[in-house]
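Below sits a lone chain in structure tokens, taken as the form predicted on its own.
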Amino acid sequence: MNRYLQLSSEVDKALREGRAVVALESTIISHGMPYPQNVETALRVEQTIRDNGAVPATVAVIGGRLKAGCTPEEIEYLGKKGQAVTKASRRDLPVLIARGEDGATTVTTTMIIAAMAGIKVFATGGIGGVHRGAQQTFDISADLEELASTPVMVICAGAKSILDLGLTLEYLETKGVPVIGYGTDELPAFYTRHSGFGVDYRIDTPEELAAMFQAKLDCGLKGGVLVTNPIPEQFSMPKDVIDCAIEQALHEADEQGIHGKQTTPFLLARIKDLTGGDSLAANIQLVLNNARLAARTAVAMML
């Protein structure tokens, strides 16, 4: 085991006993929501995973240690510290470790640490992807490269709808990453169930998801799998409302010179304000929905 990796006692025991474990990211705590909703949501997500038969492993970097499984006190710490915590991607890990600093893990770094720990399933809200205007800016999330190389199943509500969804799908196709629609033939668009873009395959049960991923591992095929799970119908936002908010937020980001790793937190915060908090409520519900599916899939992998 990597000498910088630290498992919580709960996660360590579950892995040793061959029980289902689901990884969770921590950027959603520090950068995705305001305090105290971020902490409340993180704990609800963990409980949802337990209620569905698996053990949660919230992933973070604390004091230079790669944590697979955070205590409630550590989640509270990350929630209160908020955006003062480094948003840690692959390039940041060596520096944070060497300096003994803290980092909230993105999809990329959560996948890396989950794979180190032997955790195969990871639940999140939405992945990063190809940003709008990437033809000029080359702004492409490291999440896509990680999906191409790290053997973890990522269950999400699609790529964040602030992105260029068509180019994101093209990039994943080039990298050989299967994009699965859970119970749908259409790529979900985070806040909404519909994007107008198709997925590679539709799968309708956790058992089939587990069998598909195990077949990939057994064949020694590189990289992960992206499972896109639509937000429940009752929490889905009208597409025209969210599209209007996204366009305004993108315009404001451009005016203010927001770029790089600051882009997504800025846009999500502005969209929350522009929708009167509706987007935050939808975000919470889609994460809980993904946690349920991830736990059931992880349990099916153990059968």
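Please read these numbers as outputs of a predicted model, since none were measured by experiment. Quick note: we count residues from 1 along the sequence shown, nothing fancier.
Not on display, but discussed next: the form predicted in complex with a small molecule.
Heavy atoms of residue 49 never reach within 4.5 Å of the small molecule in the model of the complex, leaving it off the interface. Mapping the unseen interface onto this chain, residue 264 counts among the residues with a heavy atom inside 4.5 Å of the small molecule in the model of the complex. Taking non-hydrogen atoms only, residue 168 never approaches the small molecule to within 4.5 angstroms in the model of the complex. Taking the partner from elsewhere, residue 160 is found to have a heavy atom lying within 4.5 Å of the small molecule in the model of the complex. Candidate site formed by 155, 192 and 289: none of these residues places a non-hydrogen atom within 4.5 angstroms of the small molecule in the model of the complex. This chain lacks the partner; the member of 127, 96, 75, 231 within 4.5 angstroms of the small molecule in the model of the complex by a non-hydrogen atom is 127. Across the options 60-68, 248-256, 23-31, 231-239, residues that bring heavy atoms within 4.5 Å of the small molecule in the model of the complex belong to 23-31.
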